[in-house]
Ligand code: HSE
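In structure tokens, the next block holds one chain alone, the form predicted alone.
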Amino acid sequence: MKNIGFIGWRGMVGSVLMDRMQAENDFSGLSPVFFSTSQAGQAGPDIGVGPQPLQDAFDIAILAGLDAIVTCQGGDYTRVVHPQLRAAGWEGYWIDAASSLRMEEDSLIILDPVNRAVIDRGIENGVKDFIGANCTVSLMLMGVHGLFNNNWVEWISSMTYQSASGAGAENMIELIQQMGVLGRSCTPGQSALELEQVVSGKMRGTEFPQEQFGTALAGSLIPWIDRCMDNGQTREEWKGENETHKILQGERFIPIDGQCVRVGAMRCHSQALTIKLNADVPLADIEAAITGANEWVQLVPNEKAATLAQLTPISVSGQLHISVGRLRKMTIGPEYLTCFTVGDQLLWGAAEPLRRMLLILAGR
């Protein structure tokens, strides 16, 4: 496998993917072809051999000549192009960051440090569509996969704190605009109460920028992500249980539910987990299982100084490690565990599984 198409490489996830591939010299030995949905014919990226003209991302004939396609373009693109390619008889590999094909019967959700055996079995069985998982699902599994490995998990309640970048670049910009408006509200001599009243007035005002979020995020939070399901969950909350089951493909369906909240972090997603174990496992064994599951998990001591230094979005931004901290048994019983995880959702939550899946298919 050598001829690889890249679509959506200029977007947020695509840019992170490109940076990682160049940093790791992944393009060596490949023949990449870069596509655009709107700027075909213009110069593409220079990955060391000079920029080549961008191809039309909707040209099925050109796409069908590729061994694999890696797309970060989004679900709308996938829904248009993927069925046309398959209908044209294309049998190449489709590697996608969008959610459109995640739950399709003939696709696999990829997170190789967690489900490499599932991926290898899928390749042997002729699976061609490999889809990145939901970002918070990926980060949760990377952080506490050791508990799943030992079959200790009875159920999980996950309360997520998801950054603005998870909603897209325009949302990140709007968050900064909101912060700017609030920052300019502060004047010398104001008391804390006066400042709060002025800020609250700005946040409720018609001129406060909220076209993307629909409300204030700076100085506030939004306990709603994605669309509503029939059972009252949002779809983001629904993904926690259903995508985890498809990733692990275990015999036992583990209930996972909670609430997903948008917070004013720029990058990186956090989540507080309540985990019901099926036995009173010693905390030392739990710590060993978590740290031994993969090389990227970082266990943070349950201490204030370590927590402030290592268990915040800014401490992991741009980093590949997943931090797990505040780990302790709960007062409601010895089989109840709580912990807090944080990781860069643009890396392990998005770009990195795509990059690693491409390398697996390339035989590296």
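Don't overthink the numbering: it's just position in the shown sequence, from 1. Bear in mind the structure is a predicted one, so any value in this text is a computation, not a measurement.
This next part talks about the form predicted in complex with L-homoserine (HSE), which is not shown.
Quick one: which of 163-171, 213-221, 140-148, 198-206 gets within 4.5 Å of L-homoserine (HSE) in the predicted bound form, going by heavy atoms? Answer to the contact question: 163-171.
Within 4.5 Å of L-homoserine (HSE) in the predicted bound form, do we find a heavy atom from each of 17, 73 and 355? Result no, not one residue of the spot touches L-homoserine (HSE).
Is there a heavy atom of residue 237 lying 4.5 Å or less from a heavy atom of L-homoserine (HSE) in the predicted bound form? Heavy-atom contact with L-homoserine (HSE) at 4.5 Å: absent for residue 237.
Can you tell me if residue 115 lies within 4.5 angstroms of L-homoserine (HSE) in the predicted bound form, counting non-hydrogen atoms only? Looking in the predicted bound form, residue contacts with L-homoserine (HSE) do not include residue 115, since no heavy atom lies within 4.5 Å.
Residue-level question: is residue 135 within 4.5 Å of L-homoserine (HSE) in the predicted bound form, judged on heavy atoms? Flag for residue 135 set to yes.
Answer with yes or no whether residue 225 is in contact with L-homoserine (HSE) in the predicted bound form, where contact means some heavy atom within 4.5 Å. Residue 225: contacts L-homoserine (HSE) in the predicted bound form.
Where, within 268-300, is there a heavy atom within 4.5 Å of L-homoserine (HSE) in the predicted bound form? Residue list please. The one in contact is 269.
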